[in-house]
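Given next, in structure tokens, is a single chain: the form predicted on its own.
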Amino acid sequence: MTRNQSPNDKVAIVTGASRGIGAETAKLLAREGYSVCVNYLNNDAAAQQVEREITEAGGHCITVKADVSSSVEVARLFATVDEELGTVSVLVNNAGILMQQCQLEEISEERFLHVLHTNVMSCFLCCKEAVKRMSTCHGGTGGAIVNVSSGASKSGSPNEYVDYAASKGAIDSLTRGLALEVAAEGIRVNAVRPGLIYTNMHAAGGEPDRVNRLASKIPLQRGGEAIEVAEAILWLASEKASFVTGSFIDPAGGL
């Protein structure tokens, strides 16, 4: 395949980008002039819809189906982007799962490991590949990594999904540690910690209407929209945040 990189060499990878926050982030980055790789796990139709929306709006996009908790598939994802778009300059680690709401004593060892492996390993593996390309120590020109954590990393999500909260706590620590490691290598690493956002992830937890149930507890008295999180991600990825690294933005309505 022939490399087809945008003239301004702005290349972004968004993992888990077929729906919700990831999809809105991919579309927003495309509107800002990035060539975008929409990564997804298994929903071909949803990923193709995101791609259509981007291209119909005049943006540049490819889709890559890959399990980003697998080192082999992450290597393939980044190699595909290298070939088709060029060197990544922005990585958004958004892929993640949560399981049915329950108390910790009901969480099986298999479930706990699955959630941590999917949510933490995917972030770790993608960060590793991005640093190899972005770091000035490896001949790169720098870049920005934005990890999508969660307000659950602070609340702990008691009685719902402590395993998910623990995985997001790990991402917070990874964000801070990596930011300090690569700050002198031209790479900024930050995270967003969304609160109660209207996405279909809540259905995976067994309560599609969860945001509405808890909206009255939010100081702003409403749930958030995926685009509001995407705007925070865009800012952290942009040069407007050029002096920001190892930091967190909490689009959570005051929670």
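Remember, it's a predicted structure, so these values are computed and weren't measured experimentally. Throughout, we count residues from 1 along the sequence that is shown.
The form predicted in complex with a small molecule is left out here; the points below concern that form.
Residue 118 is the only one of 87, 101, 118, 80 with a heavy atom lying within 4.5 Å of the small molecule in the model of the complex. This chain is displayed alone, yet in the model of the complex one of 179, 131, 170, 97 has a heavy atom within 4.5 Å of the small molecule; that residue is 97.
Stretch-level contact check against the small molecule in the model of the complex with heavy atoms at 4.5 Å: of 52 to 60, 213 to 221, 187 to 195, 28 to 36, the positive one is 187 to 195. Heavy atoms of residue 66 reach within 4.5 Å of the small molecule in the model of the complex, making it an interface residue. Mapping the unseen interface onto this chain, residue 13 falls outside it, with no heavy atom inside 4.5 Å of the small molecule in the model of the complex. Interface residue remark: residue 175 is not counted as part of the site for the small molecule in the model of the complex, having no heavy atom within 4.5 Å. Contact check for residue 144: no non-hydrogen atom falls within 4.5 Å of the small molecule in the model of the complex.
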